[in-house]
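Below, in structure tokens: the form predicted alone, a single chain.
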């Protein structure tokens, strides 16, 4: 159901504002409504500082994360008290400063190493040069040119009698040292532009290039040694990861409270806040505020027609996990209906048909159960795991009904014959299975219309309930009954109805369908006074049967995914059985071992990919076909002021 909401108005003394906000945040039951921009700049500054502190701690946490102890995949989420989180802030700040000092030094060393690498690469072509780098300067009467030149350019330089040239490095892209009189410098520069010449500036190092390169190698060795030392120092902070996580979450809690301050209206003496509260948590809010002060005024009222309160869903233990699917789609309008309890049984049934293998269902259910018991997830992850658990149970049931266990039928496993009767065999009788899936689709769509009828009757709109919804239930179910005598022959073995029963089913079905069509034709345009327009609107409504045909055919995906799962498992089994047929004893043993590994890997892959397909396509049938008949989306999530953390759960 959708929980009723109350609009809260609270006025308190300005000096007691921080304490009241902390009490409300601890209660986690009030979603504040912004009353405009009443920030004097101080709150924005505090928010900015808190964000920066969180970002700094997150940077340090990312740096030491590779060295921190990693919890097991199924390890439960860590829980700490708020006092513990707040108590770790000072220690975390000190740890952050030490980590940042290491990171800054490492950053400088890495930059130095990159600079040395560039210098080494620049000196490499000049390794044979015997002149110290610091002496490669212009003289009183001479001009020095350093550059790289190709083979053709080298020939041109050798033919220039006004230049003294020396060449170093490998041919084709050699280093060239040119010396000319200063009077010829301009002419030489112009000449160099006519050949493939690239000016070179050697790094400002001492000694010959070879000596400078050796010095760079020695420096790089020292840099590498220091980098290893820094990495060791950084790894020692791996144990500090929980402290940084605690502090970051403590700051997030503090930031949430600061953000709440910007949504209040503040005066010199009092402050004013507005918010939404669940009707069943009004007393909880009152107790939280009263525990802080008795100098306040509060009022709770129902939402006005023009107001749009948040939507909160509340269901029993069985249906609550399936609220996760509603969140993935869109929350219902706060004045609409909660579809969760109506969707849940259909989702479980349709999911099982799509996967329809007892072995796969067993693996899925067991994996989801272990996740729930060991990991103890919360929120959406808990909902998803529970959905998969029920989906696995449904898959096991349908796997028995269609006779599939990891792609094998039960008679083949137990060496029996016709010991396990099947509801229907989709591989031997796909048409019968298709008709069964389409029948489920009709039932699903009719259930949507019946829910809409209930909503209309609650609003005392009996005409919409009967003429717009019951009429289509009669049409769809009537056509199903009329088609039953023909469809019965496609089942294996055929359903024996008898000519008398078949005649009655056909007659009753046609009567119901014609009655429903008459209701649509006569009353679809009941708001129109002109009888011709009214009938035209009615006949136009009958045309909607084409969209229902499209909706019903969508349920063919139940057959498609179910058969895909079965055939994929059968192919895996066939391939691996071929590996077990080696000629020699060693070949059989090796083939058996490889086949076992492949069977496990391939079937696990099939479970994963087919579970994903079943989850998505089953959700689509709910969102498009089922919800399209009655669901009114548009609700917004309830986001109360509370403790919001990323790494730790706050224990209360």
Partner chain sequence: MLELIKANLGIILATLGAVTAAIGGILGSTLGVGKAGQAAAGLVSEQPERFGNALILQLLPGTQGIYGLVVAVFIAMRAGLLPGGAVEVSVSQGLQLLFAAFPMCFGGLVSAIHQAKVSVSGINTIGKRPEEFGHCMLMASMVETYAIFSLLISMLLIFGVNVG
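A quick note: this is a predicted structure, and the numbers were derived from the prediction, not measured. Residue numbers count along the first chain shown, from 1.
If you look for the form predicted in complex with its partner chain, you will not find it shown, but the lines that follow are about it.
- Stretch 602 to 610 is the answer when you ask which of 65 to 73, 602 to 610, 27 to 35, 589 to 597 has residues with heavy atoms within 4.5 Å of its partner chain in the predicted complex.
- Although the partner is absent here, residue 46 sits far enough away that none of its heavy atoms falls within 4.5 Å of its partner chain in the predicted complex.
- For residue 371, no non-hydrogen atom is located within 4.5 Å of its partner chain in the predicted complex, even though that partner is not displayed.
- Contact between residue 557 and its partner chain in the predicted complex is found at the 4.5 Å heavy atom cutoff.
- Contact annotation for residue 571: at least one heavy atom lies within 4.5 Å of its partner chain in the predicted complex.
- Taken together, 436, 508 and 548 are entirely out of contact with its partner chain in the predicted complex: none brings a heavy atom within 4.5 Å.
- When you look in the predicted complex, the only residue of 330, 86, 162, 100 with a non-hydrogen atom within 4.5 Å of its partner chain is 330.
- Out of the listed residues 426, 352, 441, 403, 426 is the one that sits within 4.5 Å of its partner chain in the predicted complex by at least one heavy atom.
- Heavy atoms closer than or equal to 4.5 Å to its partner chain in the predicted complex belong, across 124 to 150, to no residue whatsoever.
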